[in-house]
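The chain below stands alone and is given as C-alpha cells, in the form predicted alone.
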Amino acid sequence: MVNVCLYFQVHQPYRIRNYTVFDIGNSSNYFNDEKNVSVLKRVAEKCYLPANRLLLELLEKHPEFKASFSFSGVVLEQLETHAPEALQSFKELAATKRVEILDETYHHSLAFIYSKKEFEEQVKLHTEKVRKLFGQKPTVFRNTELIYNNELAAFAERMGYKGILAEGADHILGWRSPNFVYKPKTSNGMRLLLKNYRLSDDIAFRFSERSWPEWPLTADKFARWVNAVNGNGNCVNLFMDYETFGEHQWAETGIFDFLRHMPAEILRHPDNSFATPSEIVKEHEPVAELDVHNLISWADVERDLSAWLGNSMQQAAIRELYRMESEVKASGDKKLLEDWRKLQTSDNFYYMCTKWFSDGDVHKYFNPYDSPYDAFMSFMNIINDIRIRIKKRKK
C-alpha cells in the first residue's frame, strides 16, 4: 500500500526596492510595492486561480484525492490585500476537509538558525493566521525551504507538532529510501516525512525539459513510477512549489493536463491512495531512526544552506540583521518590528547568491536585482536606516 502525499509550498516575498545611500535617514519605504503587486497578480492569474479550480474539480471527482499546502504569512498578507479572489479559492480548497494546511515560519525566515525566540514567535504568528483564514490548527511543521536537522525536530516536537517535513537527500539517507516514515534521532514521538526528490523534481523542474530522456512526462508514465514503489515503501512524498503549475511550468507545456489526469492514473492501482501528512504520521510507524546533525534543505544540488549563506555578503547581511533583534523589540515600534521581520525573508539572501546553481533560472525572473551585489548594497543600506530609526526611538 502506497500513500501519495502531495504537498505544495506557496510563497511570495516582499521584495526590497533599489534603496540607495541617499535614502538612508530620509526614507523608511524599503519595499518594491509595484513589483510585489505585479508579481503576485501574475502568479495568481497564471497559477493560483487555475490550479485551485483544477484541484477543486479533482477533489469533487475523486473522493480519495487529497493534498496539502503551506503558505508563508507574507504571501497570505499580500493575497488578502491584492488578490482576495485567489485567497478565497484557497479557502474553498481547505473547506473540503481533504486539503491540509501545514505550519511554517510566518516570514519564511532562517530564524531557527539565528534566534530560537524569534523563530517561535514567528511560528505562533503563523499558527494564528492559519486558524483565522482556514480554520485549521496544523499538527505538521514545514520549515523554510525544508531546512532541517535533529535540533529542529526536537524543538518542533516540544512545540506540539507530530510530524515534520525534510528533503530526502542522498547524503543523509545513504542506502535508505525516502518512501518510508522515519523517527528523528532527537525526538520521541515525532515522525519525519522525506521528499522523494527524484519524482518531485520530475514534475517541478524536468517536466518541460525536452532534452530529458523521459520527456514528455505523461500522467500514466508517472503513475507507473509511483506503482513501482509498492512493496518497496509506504509513502511517496511529492513536495514542490505550487508555482510549478502555470508559472515555472507554463500552461503551454501541458502541466495542467498532467495534473488533471494524474490522480486517476495513480488510483488505477488498487494499492495506491492519497493521504495528507498528518494521516501518514498517524498511519505509519517509523522504520528506523534518522540522524541528521548538519542542516539540510531542498535547495540546489547540494541540499545545504549555501544558497542563502554561501558567501561573505550573505553572512554579513544576516548577521547584522539578527544582531538588532533585542533593540528592535525593545523599541516598541510596531512598524519597525514589521519591517525588520520582512527583511528576514530568505529570498533577500537568495538574491545575494553568487554560486552557479541548477535551479537558478526558476528564481531568476522573480529577482528584482541585476546582480547579487546590488541586492547586498540595498539590504545593507536599509540596515543602516534601521539603526537610525532605533536611535531615534531611544531619544
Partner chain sequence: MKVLMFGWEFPPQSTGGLGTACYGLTKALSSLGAEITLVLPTTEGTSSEFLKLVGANARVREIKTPMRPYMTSQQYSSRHGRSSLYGQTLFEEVSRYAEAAEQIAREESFDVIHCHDWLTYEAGIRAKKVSSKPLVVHVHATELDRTGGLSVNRHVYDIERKGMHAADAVVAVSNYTKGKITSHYGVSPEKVAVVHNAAERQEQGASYRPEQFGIKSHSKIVLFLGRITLQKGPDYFIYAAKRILELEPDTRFVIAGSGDMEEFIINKAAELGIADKVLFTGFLKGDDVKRVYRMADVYVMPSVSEPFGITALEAINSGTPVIISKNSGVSEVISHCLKVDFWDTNQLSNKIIGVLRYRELAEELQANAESEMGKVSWLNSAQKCLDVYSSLLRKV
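Positions refer to the first chain, counted from 1. Owing to the predicted nature of the structure, the values given are computational and were not obtained by experimental measurement.
In what follows, reference is made to the form predicted together with its partner chain, a form of this protein that is not presented.
Within this chain, residue 370 lines the site of its partner chain in the predicted complex, having a heavy atom no more than 4.5 Å away. At the 4.5 Å threshold, heavy atoms of residue 28 stay clear of its partner chain in the predicted complex, well away from it.
Though the partner is left out of this view, residue 244 does not reach within 4.5 Å of its partner chain in the predicted complex, counting heavy atoms only. Residue 152 falls outside the set of residues with a heavy atom inside 4.5 Å of its partner chain in the predicted complex. Against its partner chain in the predicted complex, the set 61, 218 and 259 makes no contact: no member has a heavy atom within 4.5 Å. Contact with its partner chain in the predicted complex, judged as any non-hydrogen atom within 4.5 angstroms, is confined among 102 to 110, 308 to 316, 123 to 131, 209 to 217 to 308 to 316. Counting a residue when any of its non-hydrogen atoms is within 4.5 Å of its partner chain in the predicted complex, the hits in 10 to 24 run 18, 20, 21, 22, 24.
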